[in-house]
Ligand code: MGD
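Listed next as structure tokens is one chain, alone, in the form predicted alone.
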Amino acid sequence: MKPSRREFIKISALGVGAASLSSVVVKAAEKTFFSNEEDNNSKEKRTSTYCEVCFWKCAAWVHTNEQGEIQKVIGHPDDPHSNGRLCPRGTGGVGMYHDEDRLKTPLIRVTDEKGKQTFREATWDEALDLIAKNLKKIAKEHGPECVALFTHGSGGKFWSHLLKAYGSNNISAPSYAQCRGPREVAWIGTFGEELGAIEPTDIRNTKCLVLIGSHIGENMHNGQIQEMSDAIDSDATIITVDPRFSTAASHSKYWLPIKPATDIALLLSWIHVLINEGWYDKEYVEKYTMGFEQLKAHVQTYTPEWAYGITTIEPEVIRRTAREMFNASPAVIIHPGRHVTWYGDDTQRLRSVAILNALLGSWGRRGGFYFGIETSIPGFPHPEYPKPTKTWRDAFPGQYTLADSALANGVCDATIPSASRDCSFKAWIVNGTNLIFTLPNIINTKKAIDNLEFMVVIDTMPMEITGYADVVLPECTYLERYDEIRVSKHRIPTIALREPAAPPKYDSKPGWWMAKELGHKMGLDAFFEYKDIEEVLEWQLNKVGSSLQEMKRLGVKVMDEGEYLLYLQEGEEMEFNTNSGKIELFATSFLDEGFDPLPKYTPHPEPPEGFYRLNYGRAPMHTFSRTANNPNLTDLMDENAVWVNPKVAKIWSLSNNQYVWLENQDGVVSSFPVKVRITERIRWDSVYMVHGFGHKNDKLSRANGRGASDSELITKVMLDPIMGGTGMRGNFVTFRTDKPENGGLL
């Protein structure tokens, strides 16, 4: 039986199968996560915000009681990101505000031993003076370009402005090279534009949704989960390709338990079938694409029989699922996913996904991909930024030429002195990203940090990275601050406001205030000629026909952008931003840079005997490592488990809920043991665990020592030669039941 839309949302919210949901749990989940009911007798105050627990940034209303204490956050009904409903993370965001383990005051290091949380409390003036002094010194001795910013989240806008005013544009976000970068480069090379943070997938109108390594229902991309529920209600065909029987797989017509690291083989065989059977949109391909004949010749050897020997997916299943896609076209989506840095050939794998969508005519078609609409918010006036004399690219001459953003791992590598570089990075500013868990190869990250002259960390929590900082600045949570106006591409153009629902707790401050105050101390007054962020927001909103007062009342405003079209119109001419002006099945931009213009399959290393491929993923109630200490969300999941196939468990005499240590192919053992979950839902050649656990910091009272860190076990990194992304799924683990004497890298 197919679940209804409502049932799917409930199931996805808890990240468990339907069989484990009692009626009591279902009702509790619905009330806790999705209720927008108002108490008519309440004297609560309502304040607008947008969520910062994940990048989806759903707009919401924050409710505070008569005493000014934040009580709850509910979705904004006019927001296309959330449609009035928040996920567990969004409603649990209140826990960030109430967490007593929060950073409370500026901190300055008191010992030379990095990695230890050894600080003394400082005033804001003292901390900012020390930062300004060190950044001026580095600019004088090495040049401002030798300072880099790592950032994730809304506060990054303010720190980026400060760094550019200072004279450096070495600004990187791990969300690029460690997550979505390969798909963006693949989409630019094929369609001439990137997908962006909110992928323009028209899931609610699709007839066939193909998920290949995309865990909708567990990654809690809110709008997509709701739309997938709509698609299920409309009897859309769901095809899930995954070594693990995920939540999405449990609601699919087809589950293809593929052998890990063979995805390109399956994708190429699908392309082979579509072309050779004539199951593609001939009119669309003729009108909008180039390179079809080269592609056709290229895939002739990639038969389903060839793919079967590699992927373990039977030829008949490959043909049948290809036919399902064609029958649904153009209302079909081969989903591009988001965390796509797997095996080092990821850009080419995503090129295969892009080509499939092009053959089926889904780009710019109803039920496929729509053309998103975005409002342009002008930046507050400031002088022209100084032009840097060098960038991170200078450390990698001739490499990663198609990357359109700075690589976080590239900046990390370029911090380690080398005879081939005139200047390694001397200082890092790290904003809202726990690099110890975020960047693969912890040993390399620590080596880079050891070579820094100075590091500043801005965060709300004492994460592992704060232990390596010279100065720690406590940021208030998103519920206590103003930030930039949220704009994003969606079906309708909207803007959303975040305003403080309560004053900042303790001695924490918002990012805009920190950057502005530091800018003044560094002599950059001309770049910060405004009283406060309210002045900036008022000026920006006036420019687009609104005001701060109006946005406080509305929270979300639908903007009038005139006439716009979400889909290609019948017979419409369109020029794409590629070299040829067409959708490029044969990527000329790749060829120009010396890369294969068509994707190929390359075998990847197999696990050594007694080892299993380490796969990792998300849970619906947690975002990376940032929520592992959240008191609201740890109630839902306080540690991870390692999924083990029963055949493997029998070989190792493992039992359910037994704790084991994991050891990888390089002899690295997890710092903490992890609970075994024996399940048929994982292939015998793989194990699986949720990312973000295994913290080693006693200042995180709920997260410390809970579960195991997959980040520790990722010591083998396969770099994508096209754009520099870090392939992290080439690591293998085995089991240890004895406690290691010196385990872990944390």
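From a predicted model like this one, the values you see are computed outputs, not experimental measurements. Start at 1 and count along the sequence shown; that's the residue number.
Not on display, but discussed next: the form predicted in complex with this ligand.
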Non-hydrogen atom contact residue 413 with this ligand in the predicted complex at 4.5 angstroms: no
Partner contact for residue 714 in the predicted complex: this ligand, 4.5 angstroms, heavy atom: yes
4.5 Å heavy atom contact, residue 661 and this ligand in the predicted complex: no
Contact of residue 432 with this ligand in the predicted complex (heavy atom, 4.5 Å): yes
Contact segment among 354-362, 126-134, 434-442, 556-564, judged by heavy atoms lying within 4.5 Å of this ligand in the predicted complex: 434-442
Candidate site 183, 598 and 724: all three near this ligand in the predicted complex by heavy atom within 4.5 Å: no
Of 494, 190, 348, 625, the one that lies within 4.5 Å of this ligand in the predicted complex (heavy atoms): 625
Contacting member of 584, 199, 145, 459, with respect to this ligand in the predicted complex [4.5 Å, heavy atom]: 459
Heavy atom contacts to this ligand in the predicted complex at 4.5 Å, residues of 717-733 in sequence order: 728
